[in-house]
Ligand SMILES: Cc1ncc(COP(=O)(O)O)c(C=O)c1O
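Presented as structure tokens, the chain that follows is alone, the form predicted alone.
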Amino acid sequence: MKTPVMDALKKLVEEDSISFHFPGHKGRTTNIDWKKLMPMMDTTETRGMDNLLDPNGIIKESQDEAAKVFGAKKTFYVPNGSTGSNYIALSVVCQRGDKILVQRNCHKSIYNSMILNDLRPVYVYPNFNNLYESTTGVRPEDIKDALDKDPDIKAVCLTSPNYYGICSDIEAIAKIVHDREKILIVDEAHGPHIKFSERYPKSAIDSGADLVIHSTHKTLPSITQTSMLHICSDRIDINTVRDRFQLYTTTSPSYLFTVSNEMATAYMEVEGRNRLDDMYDYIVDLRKRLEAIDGVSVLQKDPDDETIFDLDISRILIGLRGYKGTELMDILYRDYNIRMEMNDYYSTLAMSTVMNTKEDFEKLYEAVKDIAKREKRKALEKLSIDMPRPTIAMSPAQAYFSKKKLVDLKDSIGKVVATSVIPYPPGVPLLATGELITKELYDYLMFLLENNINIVNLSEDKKQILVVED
């Protein structure tokens, strides 16, 4: 047979591009000689190797060591990404039919978990910053108001930092949540590195969250699909976590993922911590130099926006006047061999980690500076990309397991969507399962498609959508 995946991967390796995208290891080795050891390390639960689903030997010892490093009460290595961690977390703290307060721009895995666990969402919306045309964080008072309005809410699930590095005030929110005897889950998938430097935002682990999810593959030198679930308070029953862990985890967990979690943590404890601190001042300076280029904007901490409680500066969101984010991202790859993580309408995102070098950053700077010298363009048509606020017509589980049908997009207005419709990345549903498709949402979806934003869960030709049958 043909081998298109292998062929493409070989080409990628030969390309030797500069990586400002996931995974966090950037194709560079740290303290594992993958070339030499990988085939032999891909093993199973043979003698002396322990069992991730029932650890009582080397894996238990490793997870306990990781918990000490991160400051958690207990840490679990999750081999199916933070998707798996989110499934476990929501199932631990909620019973079927429970209400849960969810940040509306959370990752799709939270929405899928609500389907699997038959939960009733109540949404809290992030702020929209008009200066940067970007969603930011959530206000603690909005959490308070939602919990006081609906005491039946069992738990709160937030994302911090978000894709752009924006952090909410988790410490203040945790106090509000715990004063009302609720549970706080923080999807900190994009922030495992912030635990390792006091110069970065404060981790949710240290801010009072009960459960914290980390995608080690995103910002630590760990391979794709690695994640950690941290138990951070006595409000969480460890035996329930063990039970749900087995429910949602493959019975053939990869030792490559397990050892990658372990070694990424070992690396960050000393060498990675030092690199993170060393790079801080340099990145601050780089962001200033980028913003000094005529026509370039860089997302900064806005003193007039309280919902940007803090900002992880390792994410560099770059906009250039006259260029759509898709176009700028394409040019950086095509002309400068720089692969960015994602784009929105206005900007493209450089996702940096401790494995990026100063040379990587300088090449990014010189490329943006060079593009900015090209023929000046008019500013883009001013368009708000604030999140629409759909109406919940039925619970996610009810809609997902209903009788469904495909309809043309133009005929979908007024119907209930039967599967989440998701611009990807960042993986935040524009329409969540069970929500009503309005004319406003239809127009917004068409706008995204017309601007080459990839939309997941439409038909293959992107012309049809799955809805609940009338």
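Note that the structure is a prediction, hence the values are computed from the model and not measured. For every residue, the number given is its place in the sequence shown, counted from 1.
Only in words, not in the display: the form predicted together with the ligand, which the text now covers.
In summary, the region of this chain contacting the ligand in the model of the complex, judged by heavy atoms within 4.5 Å and restricted to 146-154, 182-190, 264-272, 168-176, corresponds to 182-190. Screening 203, 348, 86, 219 for any heavy atom within 4.5 Å of the ligand in the model of the complex leaves a single hit, 86. With the partner omitted here, the residue from 233, 80, 112, 398 that has a non-hydrogen atom within 4.5 angstroms of the ligand in the model of the complex is 80. Relative to the ligand in the model of the complex, residues 195, 314 and 353 are all farther than 4.5 Å at every heavy atom.
Not displayed here, the ligand is approached by residue 163 to within 4.5 Å at the level of heavy atoms in the model of the complex. Using a 4.5 angstroms threshold between heavy atoms, residue 107 counts as touching the ligand in the model of the complex.
In the model of the complex, at least one heavy atom of residue 215 sits within 4.5 Å of a heavy atom of the ligand.
Contact check for residue 260: no non-hydrogen atom falls within 4.5 Å of the ligand in the model of the complex.
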